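One chain comes next, on its own, written as structure tokens: the form predicted alone.
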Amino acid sequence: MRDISLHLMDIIQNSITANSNRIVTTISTDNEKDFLYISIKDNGKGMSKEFLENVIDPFTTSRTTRKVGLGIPLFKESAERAEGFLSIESELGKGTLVSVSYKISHIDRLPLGDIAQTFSQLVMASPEIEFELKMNNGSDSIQINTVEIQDTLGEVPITNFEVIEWINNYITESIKCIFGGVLDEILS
């Protein structure tokens, strides 16, 4: 995958497939340690201990349409190439937490990508799911929650074009505000 937002799309799609109705994504930086941290937490069906032990293997998948699952192994590889890690915690019937880190200044760190577009597409495709995006840089933080947005909108659907455009713009501006100057690729 060419950027982190595509990895997020893949992992969040896994959460949706696992019948999650709430998915929280956190993106944070630690400038002193020079690390970018990302986590995706869902309340889906979770994984058994046996499945969790093998989930990094590309030939371990719960899909019935194909026998290969490359999302998690590729995410892990991209993190490790940039001196980071990927870890997964899961409990059957409770949900899953995927955590990943990247050394920000590492030459092999993938660019952040279009996080705003990724989340806008997720909201459009699955408006019934509560998506929450939290971003922080150690001193400033911003979060956006689709249930709170829908409550404010009242009768206007969250999939309304102007609402999706607002979500996209809000996330784009929030990323510039929170990560501008740290994740250089987001300034272009």
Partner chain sequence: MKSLAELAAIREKALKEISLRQSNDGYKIIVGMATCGIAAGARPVMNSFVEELKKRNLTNATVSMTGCVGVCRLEPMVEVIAPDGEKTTYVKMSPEMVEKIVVEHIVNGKPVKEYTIGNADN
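None of the values given here were measured: they were computed from a predicted structure. Residue numbers count along the first chain shown, from 1.
The next section is about a form of this same protein that is not shown, the form predicted together with the partner chain.
Colleague: Though the partner chain is not shown, can you say which of 101, 96, 118, 78 has a heavy atom within 4.5 Å of it in the predicted complex?
Modeller: That would be 118.
Colleague: Taking the partner chain as it sits in the predicted complex, is residue 52 near enough to touch it, meaning that at least one heavy atom pair lies within 4.5 angstroms?
Modeller: So residue 52 does not count as contacting the partner chain.
Colleague: Do residue 48 and the partner chain share at least one heavy atom pair within 4.5 Å in the predicted complex?
Modeller: Because no heavy atom of residue 48 falls inside 4.5 Å of the partner chain in the predicted complex, the answer is no.
Colleague: Indicate whether residue 149 is a 4.5 Å heavy atom neighbour of the partner chain in the predicted complex.
Modeller: Yes - in the predicted complex, heavy atoms of residue 149 and the partner chain come within 4.5 Å of each other.
Colleague: Although the partner chain is absent from this view, report whether residue 141 comes within 4.5 Å of it in the predicted complex, heavy atoms only.
Modeller: Close contact is absent here: in the predicted complex, residue 141 is far from the partner chain, nothing within 4.5 Å, heavy atoms only.
Colleague: Using heavy atoms only and a 4.5 Å cut-off, decide whether all three of 162, 169 and 173 touch the partner chain in the predicted complex.
Modeller: Every residue of the spot touches the partner chain in the predicted complex.
Colleague: Since the partner is left out here, which residues of 5-41 would have a heavy atom within 4.5 Å of the partner chain in the predicted complex?
Modeller: Heavy-atom contacts within 4.5 Å come from 5, 6, 9, 10, 13.
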